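Next up: the same protein chain in two forms, each one alone, written as structure tokens (structure 1, then structure 2).
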Structure 1
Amino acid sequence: MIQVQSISKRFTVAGQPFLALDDVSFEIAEKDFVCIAGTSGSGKTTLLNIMAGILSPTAGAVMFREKNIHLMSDRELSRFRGDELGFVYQSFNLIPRLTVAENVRAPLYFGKKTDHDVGRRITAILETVGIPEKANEYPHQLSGGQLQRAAIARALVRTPSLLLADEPTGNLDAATGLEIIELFKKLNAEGTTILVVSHDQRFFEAAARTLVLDFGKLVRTTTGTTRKTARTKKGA
């Protein structure tokens, strides 16, 4: 589904060049579950944002089904984000003045028209994430775990082929974080391709592979619960 080809990203910080990503390459297959790990500042979120088309790389390419997303027109990129991509933010990013159902509905106003009965689709997706009873409540009435479930529901409402998530358990307690991890496992088992950035070691065990970044370089791959480690070859 995705080929990340020799991605590098430079920023200028305090007038000095900073290499956030350095020649990173890997592939993600349909229905895969991949975690990106690394210390703070290792380039994880930068890489995720490049894969979502939010940032452009300094060098390299991100190919989605053999099409370079960074060579897409604005309209094509918007369509890619709307139709193919779901994004879960660490800070939830729900709209405070909208109910949970209205927040989940929001992506349906963008991208191609859906054949879904909107009301039934929202009910079904809230049932999938385990908060159907919260449909008419507002974000300030929800717990942290419920906020994250609502954010996941919003990301899934257009049935994206790829779900990206940035530290989805970062603002949650241990027990609630485990519930979210189990939800991601369920979604993956049902066919959703998932790429998650996380410090949470439980994600390393849940994912099929964990890609470890260090100072912007992809240094190794850890495989699932077996924790087998292999040195990563360029382009692997």
Structure 2
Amino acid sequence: MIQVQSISKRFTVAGQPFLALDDVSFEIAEKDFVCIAGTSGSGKTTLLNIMAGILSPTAGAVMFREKNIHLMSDRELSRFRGDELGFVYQSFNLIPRLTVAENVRAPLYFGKKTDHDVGRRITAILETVGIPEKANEYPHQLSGGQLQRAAIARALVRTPSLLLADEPTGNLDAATGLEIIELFKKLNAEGTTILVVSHDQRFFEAAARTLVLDFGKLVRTTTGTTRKTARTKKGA
């Protein structure tokens, strides 16, 4: 579904070049469930932003179903972002002057559904993430964990085929985090491809494999439940 091909990203920090991603390559199959781990500053958010077409790479390409997303026309890019992609931002990116329901509704403005269908969809998705009673409140009235769940609802409201999520349980207690992990597992079982940045051991176990970034380099891949380093065993 997605091929990340030799991606590098250079930022300029205080006039000096800084390599945030260094020749990163991997593939994600349709219906895959992949986790990305790595220390703070290792380039995880930068990588997700490049995969979502929010940032351009300095070198390399991201292919989504054989199309280079950074060479897409505006129309193709908005179709990719609107119809295929769900994105959970590390910092939520909710719009402060809209209620929770209005924030979740925002991606639906460009769809073809009737108001009645839209209302039902929003109620259902807020129930799924466990904050139906917050529909008419504003982001500043919500706790960190509730904001996180509103951001997840917004990412899922158009049932994306690809979900990119940046630390979606980072602001949740262990029990609520588990609910989100279970929700992601269910979505994956129903066919959603998932790439999630997380430090949560339970996500490593749920995912088919975990990619580890270190100073912008992909240093290893481990497989989900067995946690073995995915290398070919010599003589096996």
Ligand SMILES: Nc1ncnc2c1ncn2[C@@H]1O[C@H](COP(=O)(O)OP(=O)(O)OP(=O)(O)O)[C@@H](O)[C@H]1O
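Along the sequence of structure 1, residues get numbers from 1 upward. Take the two forms, find the largest set of C-alpha atoms that superpose within 1.5 Å, and that set is the rigid core. This one's a predicted model, so the numbers in the text were calculated from it and none came from an experiment.
Does structure 1 or structure 2 depict the form predicted alone? Structure 1 is the one predicted alone.
Turn of the lesser rigid segment against the greater one between the two structures, rounded to whole degrees: Comparing the two forms, the minor rigid body swings through 14 degrees.
Core overlaid, I95 C-alpha shift between the two structures, how many Å? Displacement of the C-alpha, rigid core superposed: 4.0 Å.
Once the core is aligned, what is the C-alpha displacement of E127 between the two structures? Give it in Å to one decimal. Shift of E127 at C-alpha, rigid core superposed: 5.2 Å.
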